[in-house]
Each structure stands twice: as C-alpha cells, then as structure tokens.
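One chain is shown next in structure tokens, namely the form predicted alone.
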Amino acid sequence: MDIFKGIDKVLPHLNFAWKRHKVILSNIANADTPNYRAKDVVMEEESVGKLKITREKHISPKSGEVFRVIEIQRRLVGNDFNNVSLEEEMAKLTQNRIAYEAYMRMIRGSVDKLNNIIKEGRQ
C-alpha cells in the first residue's frame, strides 16, 4: 500500500504548472523586447527504458514526464517582430494559477488525510 499514491499522481501536474508559470512570466517580461518569440510548455510522457513486460512478476517501468519549452507560432503582433500578446499571456497566467491552486488543494487534502490517520492512531 502506497500512502503517497495520490500525491505522486498530482505532483507531475503541479511541476508542469510551476514550469509553465515561469515561462508565461518570461513572455510577459519580454513583451517589449524586439524579435522575442512567445514560448509555452508542453508535457510529454516518456517511458523510461522502453522495457517490455513479458512475465507477470516483472516490475513495470515507471514513466517520467518531460517538459519541453516550445516557441509559439503565431502572426507578428508589432513592428518589432515580437509576437507576445499581453492579453493572451495574462489569460494563460490566470488559467495556470487556478490549475496550480487546484493541484495544491488535492495535495493538501491527501496530507490532511494522513494527518488524521496519524492522530487517530495515537488515541
């Protein structure tokens, strides 16, 4: 029994939201930088080692999440060849913040359950 199973499932998404937050802030900071291209983060799931499971006693390989920063392809917004749209970046920042808070609530709920189990065990 893995008591941190719930946290382990949410943690990659929390890390993705944190990384995306930093990229969005970088886009906003460079909104006036000439020739700057807006970026975003995509999450790709990559299996480690790509091993086959041929027998039931084999341990399944863990898959790791890989974050990749990509350049957004869109029309140029200004004459300085910068394609950052402040309105779009602010909308993405708000959406990402809400997702981050939801993931944090999920983790906090799992930790609270563990605390309740520990407290009940003392009595």
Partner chain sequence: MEIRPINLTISPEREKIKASSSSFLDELSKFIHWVNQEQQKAEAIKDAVLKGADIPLHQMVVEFEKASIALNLLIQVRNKLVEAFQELNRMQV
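Predicted model only: the values in this text are computed from it and were never measured. Numbering follows the first chain given and starts at 1.
The next section is about a form of this same protein that is not shown, the form predicted in complex with its partner chain.
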ask   = So, in the predicted bound form, is Met106 in contact with its partner chain at a 4.5 angstroms heavy atom limit?
value = no
ask   = With the partner left out of view, is Leu25 within 4.5 angstroms of its partner chain in the predicted bound form by any non-hydrogen atom?
value = no
request  = Find out whether any non-hydrogen atom of Ala99 is located within 4.5 angstroms of its partner chain in the predicted bound form, and reply yes or no.
outcome  = no
Contact check for Ala31, Asp80 and Leu86 against its partner chain in the predicted bound form, heavy atom at 4.5 Å = no
request  = Just give me the residues of 105-120, first to last, that have a heavy atom within 4.5 Å of its partner chain in the predicted bound form.
outcome  = Ile107, Arg108, Val111, Leu114, Asn115, Ile118, Glu120
